[in-house]
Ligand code: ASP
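First, one chain by itself in structure tokens, the form predicted alone.
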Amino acid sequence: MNRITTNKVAQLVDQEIEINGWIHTRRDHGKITFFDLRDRWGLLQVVASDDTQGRVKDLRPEWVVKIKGKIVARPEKLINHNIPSGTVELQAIEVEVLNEAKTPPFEIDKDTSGVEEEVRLKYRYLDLRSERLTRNITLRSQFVQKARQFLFERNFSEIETPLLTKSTAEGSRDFVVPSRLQPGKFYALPQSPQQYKQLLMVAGLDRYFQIARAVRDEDLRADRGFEHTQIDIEMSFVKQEDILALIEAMMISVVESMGYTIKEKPFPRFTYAQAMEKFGDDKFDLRSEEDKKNGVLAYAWVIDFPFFEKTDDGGWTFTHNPFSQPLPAFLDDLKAGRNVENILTSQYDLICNGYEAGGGSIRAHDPEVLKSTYKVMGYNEQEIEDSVGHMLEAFSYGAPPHGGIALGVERNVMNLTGESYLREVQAFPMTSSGRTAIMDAPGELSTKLLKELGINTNKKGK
């Protein structure tokens, strides 16, 4: 007998089925016992009598069971309109216990957001059984799947890029990995696939995307963690308008197909200067209180960002990334290293409900432009070669004009769910102190492994 899930049972009235799941709740009424059976799709009411075969009286919440029985229609006055299976119930014939369970450390049948963070993440596999988190993770999967399908339909290729790469300046500190085969040398985990996707454009693979994992050693906050996932996109022979139009169409297609309402189409656009003057921030919320109550999504574009900003020591660094192309009016200034404070770049951010939902730019494809950017930031010829020499070499073989964007999966799903914390839309997030869920990392390495890697550790402050 094929397994049936709770979202399918309403169409199976008067049929005998076999269903699997967890005991969600139980209610004893003398000779009749009612159970709510839970799977990832929802709940189903099960009715067991004294004639039911199996360990009915032993069953407790979170026990894993297989139940055979007959689906029957509920009387009209007993229909539960809050769940998909609410028009039916299962009259149990046989109950088989597949696994018993200890009493969970918190109540899974309630919203777990009030449970202490350390406890929730220690038992994240239990937390994920809760209705809210199951819904969030399922919705995240739907969002990614719909975006992926949109891009496939427009002739994009999904291409993976390396996880072990070189440490380069991209805006945050790198997480590094020691090399066993080359002692004293290190790989870096990617802050983004930025350079590889540009190299794919040089390779002629002109429509790329990837559901990419990115790792950044930056200060943690509610909407930012060490790890995140992004829908990473790059295109050749495009202008800014082409990319904005594609992403706008994708977001409209994806979120409206998921049942959401968008406040304004086409998305309004603001220059960075206009955003700062009007909102005092480049991450603003265009929703009214009524919009917020109704779950409306208010998207907007912010364009024409400053390319550089002052560092603490009086030098210059990039505001977003060093691989962007300046606006045409500022190209000569960049190459000459003058008027630096006023140079604007082709960077654009997608804003939604007060969050940055994505960001990208038209890229520098001329090696002299990229080299000029690094010179403004104070790099000498050797430092430029050490940092991006491979990019300059690649560009010298005929790089097409190109540009792209990365859309943060977590930020976008936070907007869809109304959650305020990134951890509520990740399966296994980190704690606010940077410790992993369940596995309790970071941890110490064995002396043997440290020796193999050629590492001597001196704990900070000692």
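A residue's number is simply how far along the shown sequence it sits, counting from 1. Fair warning: this is a prediction, and the values are worked out from it, not measured in the lab.
Beyond the structure shown, there is the form predicted together with ligand ASP, which is absent from this document and is the topic of what follows.
Trainee: Based on heavy atom distances of 4.5 Å or less, which listed stretch (267-275, 113-121, 188-196, 281-289) is in contact with ligand ASP in the predicted complex?
Mentor: Of the options, only 188-196 has residues within 4.5 Å of the partner.
Trainee: Does every residue of 216, 232 and 405 put a non-hydrogen atom within 4.5 angstroms of ligand ASP in the predicted complex?
Mentor: Every listed residue reaches ligand ASP in the predicted complex, so yes.
Trainee: Is there a non-hydrogen atom of residue 373 within 4.5 angstroms of a non-hydrogen atom of ligand ASP in the predicted complex?
Mentor: Judged by the heavy-atom cut-off of 4.5 Å, residue 373 is well away from ligand ASP in the predicted complex.
Trainee: Just checking whether residue 359 would be counted as a contact of ligand ASP in the predicted complex - the rule being heavy atoms within 4.5 angstroms.
Mentor: Looking in the predicted complex, residue contacts with ligand ASP include residue 359, since a heavy atom lies within 4.5 Å.
Trainee: In the predicted complex, does residue 321 have a heavy atom within 4.5 Å of ligand ASP?
Mentor: Yes.
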